[in-house]
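As structure tokens, the next two blocks hold two forms of the same chain, structure 1 and structure 2.
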Structure 1
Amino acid sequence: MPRIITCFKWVVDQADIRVVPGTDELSLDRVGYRISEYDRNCLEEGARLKEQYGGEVVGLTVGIPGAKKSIKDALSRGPEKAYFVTDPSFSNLEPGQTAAIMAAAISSQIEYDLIICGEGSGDLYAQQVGPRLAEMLGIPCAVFVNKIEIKEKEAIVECKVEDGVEVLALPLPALITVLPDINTPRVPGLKDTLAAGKKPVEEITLQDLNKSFDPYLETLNVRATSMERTCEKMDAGSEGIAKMVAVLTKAGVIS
């Protein structure tokens, strides 16, 4: 009966990011936050495996105190308990730091057979935290997985690779990063949300970990990518269609 850790991240909703007019600067002043979309598949897979094999599933996240808002949402998606590793300095962490903090938290107090992460995060999408965490914990790892089966003391997984699929056997404990197509995350109902409010949340602070987590990368700048085009809108009637045919002719794709 596997003990599973599902990891999730509270990220900026990129739909709310604006470009400061007349500049190439991004404004994050009025952004909302949410659980990274890729991590919803991770939480769902933890819940699904528990339904299939029994055992227990917990959630783990690292973030600034404000990221606490993510926890009830995460708990409504399956985990029985959440671990929240937090410090005001945990903003803009790079993957190497996030993985090191998670490794320290897990080693200090969480027992596990399987750790699941999303394929990448919705904000940085560096796809590093999973494999870095596995390396720090010294456990086997499989990435870009779209099928997990547990047999005895092994996980049998299908990894998506460029030329097909690689089926791997990983002795547990192990870490797996999952692709969005591994499952369809359930939408939590009112009952799930109410139950989530009653589930335990364990806070782990930087003092508890008693370590420092330094970055390796320096961000020199962040600028907006410009891809705005001036859209000429046409209606769906015959006039619009005729205009569009003229556009296509001009573009040289109809001869």
Structure 2
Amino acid sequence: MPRIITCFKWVVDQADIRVVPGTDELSLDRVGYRISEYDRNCLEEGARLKEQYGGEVVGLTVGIPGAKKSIKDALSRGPEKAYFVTDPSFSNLEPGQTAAIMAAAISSQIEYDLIICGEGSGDLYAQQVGPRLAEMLGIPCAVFVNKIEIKEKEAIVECKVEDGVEVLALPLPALITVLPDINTPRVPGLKDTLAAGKKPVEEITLQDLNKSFDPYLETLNVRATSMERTCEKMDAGSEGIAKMVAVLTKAGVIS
């Protein structure tokens, strides 16, 4: 029976982000937080696999102490236990740091057969944490997966690629990143929420890991984007094509 780790992240609710009027600056003064939508598919897939094959499912997240608010929501979605790797310095982590912290925590604290991550996070969407984590743990990895089956000591997965579907057999232990179309996340009911409050949560601190995790990247600034449309209309004939070239040349898009 598989031991499954489902990874999730506490991110800013994008609906609450505002642009400061007259500028390209973002206002985060009144933002709320939630589990990344991609990670909800990850948690759901862990629960589905447990229902089908048995075993154990745990949740794993990294963040500042305030991110503990995410754990009850995650536990209401299926995991039997959560591991919370936390330190006040774990704010605005870049993907390399997150993967390194998870790798250190898993290697020292958590037994597993399968690790499931979302394809990306709802804030950075770098799509790097899963593959980096697999590399650091020295285990096989499959990305963009929309179907998982477990047969003996292998995970049989279907990966969405540009020209179709690729079927892979991964020896366990392995790591998989899942696409949103792999499932429809369940909505926890009152019973699930109440039960989540009684499930165990194990905190792992920076001191427990006894390592430093320096960033590979530095974010200098985050700005709002803007879009302007000129609404030029051209036909498909030679005159329309010539007009399009002239418009794009004038705008500096081509030269």
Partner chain sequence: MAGVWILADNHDQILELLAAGRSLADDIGMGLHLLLWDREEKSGEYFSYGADEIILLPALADGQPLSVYIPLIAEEAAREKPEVFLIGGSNRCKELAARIATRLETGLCSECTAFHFNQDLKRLEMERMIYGGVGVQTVASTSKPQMATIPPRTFSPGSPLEGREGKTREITGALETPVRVLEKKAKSKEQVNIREAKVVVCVGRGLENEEDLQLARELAEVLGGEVACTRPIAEELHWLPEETYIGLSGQVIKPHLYIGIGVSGQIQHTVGIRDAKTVIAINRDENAAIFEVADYGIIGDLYEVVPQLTRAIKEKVKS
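Throughout, rigid core stands for the largest set of C-alpha atoms superposing within 1.5 Å between the two forms. Quick caveat, the model's predicted, so the values are computed rather than measured. Please note that residue numbering is based on structure 1, beginning with 1 at the start of its sequence.
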Please match the form predicted together with its partner chain to structure 1 or structure 2.
1
Compare the position of the CA of K243 between the two structures after a rigid core fit and state whether the shift reaches 2 Å.
yes
Do you see a C-alpha shift of 2 Å or more at I17 between the two structures, with the core held fixed?
no
